[in-house]
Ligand SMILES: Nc1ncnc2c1ncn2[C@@H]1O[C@H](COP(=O)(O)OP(=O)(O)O)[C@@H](O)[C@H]1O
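Next up: a single chain in structure tokens, the form predicted on its own.
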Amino acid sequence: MVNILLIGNGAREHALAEALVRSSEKPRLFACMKANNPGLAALAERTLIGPYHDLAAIVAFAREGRCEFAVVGPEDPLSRGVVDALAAAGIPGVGPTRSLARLETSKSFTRDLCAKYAIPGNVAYRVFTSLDGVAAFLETLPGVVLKPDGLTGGKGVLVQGDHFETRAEALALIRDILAEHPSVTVEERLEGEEFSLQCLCDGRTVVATPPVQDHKRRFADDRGPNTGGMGSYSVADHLLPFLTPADVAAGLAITERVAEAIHRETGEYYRGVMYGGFMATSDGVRLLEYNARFGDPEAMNILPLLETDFVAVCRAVIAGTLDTLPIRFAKRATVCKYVVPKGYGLPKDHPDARSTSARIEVGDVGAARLYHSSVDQRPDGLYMTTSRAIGVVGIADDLARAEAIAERAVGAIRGPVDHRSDIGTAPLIAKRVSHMRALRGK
């Protein structure tokens, strides 16, 4: 029987655990979590609760469990070098080394890599470590995006028109960013529709999973502050309604070029997930950023559709044999809606802020799948924390039915909770399609 170490404690890791235990090999999971996820813990043989910076404890836990390999879910342990530490102990990992995790942890590393190797899809940008030259560069851009170097939990990107209006405001924000981060990447703002293309990579071969669209804004109709992601959807034809097959092919081609460039630049093969955030524009597909792991919530759309044995996929990533393994996904639609505390994303003095520590009850969710995220299982029930609580996923032959399954299930979760009811609905998707048609002149 194979023993597998799984690192992480969110809904993404709950989905990873579910995919692993579906394997015909019936693996035993050893879950390393910084907080106790009850859904994940129920699937695990043993659990270790502790911080991700304690690499010695993680390695010891993996050794005690005689784990064959590790699957790393979140970016935090990747950025701390957990894959390096495990490899030194003879335990390979599905996830990049600390050096290669810079694909996510350093926006400047990725932009510079794409520029050096002339990879398509890059944007006009400059990296600044001080305010010298910033004002002049801002004047050359029709619109501005600011990206701090380092991890920001998916909430650090600041976009002109959404988070600030004027170049003077941009300059002030850059000053604040540089007070906390070593550098800031200043980029041109693009106009288009975003999509997530999560790719499996063994360093030589890159395999795309079905594209997904995430919804960062807190409230319906894309209003409110950015979050870690309020939900996402995928479509049965493995496209998105506003994308063409050429758009997806372009995203995959860019990722293949990036994987090759990483090896040429560092001498290391990237083994793990390369999750590209792309934008379809009137000028083709452009690269927004990369993450060095599956997305959250996007993993919940994709992993339940995976028909190939996930343990075999992990082994192929580690061994560099992805080209020999047919990877298949079911032709079904998915809609993920995150249940969050009413106070999620709101100021601490807001009346709903107290909801972030409230108890919730889960009723009959029908055919939906539930993935626990930031919740605390206590003797008297399930409690929320300050972040997203439960990912609710509907899966069906078409998008309308998948959305209805997810929406009905959300209604069965009682307490001071909220969600975005518009994710996966026809009106919101029609807006995306209309937007792209206008940009493409169709």
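The first residue of the shown sequence is 1; numbering continues from there. Everything numeric in this text was worked out from a predicted model, so none of it was measured.
Missing here is the form predicted in complex with the ligand; even so, the following discussion is about that form.
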{"property": "Contact flag, residue 289 vs the ligand in the predicted bound form, heavy atom cut 4.5 Å", "result": "yes"}
{"property": "Non-hydrogen atom contact residue 279 with the ligand in the predicted bound form at 4.5 angstroms", "result": "yes"}
{"property": "Residue 157, heavy atom within 4.5 angstroms of the ligand in the predicted bound form", "result": "yes"}
{"property": "4.5 Å heavy atom contact, residue 187 and the ligand in the predicted bound form", "result": "yes"}
{"property": "Segment assignment from 139-147, 312-320, 297-305, 236-244: heavy atom within 4.5 Å of the ligand in the predicted bound form", "result": "139-147"}
{"property": "In the predicted bound form, the residue from 169, 352, 194, 265 that sits within 4.5 Å of the ligand by heavy atoms", "result": "194"}
{"property": "Within 94-108, the residues that have a heavy atom no more than 4.5 Å from the ligand in the predicted bound form", "result": "107"}
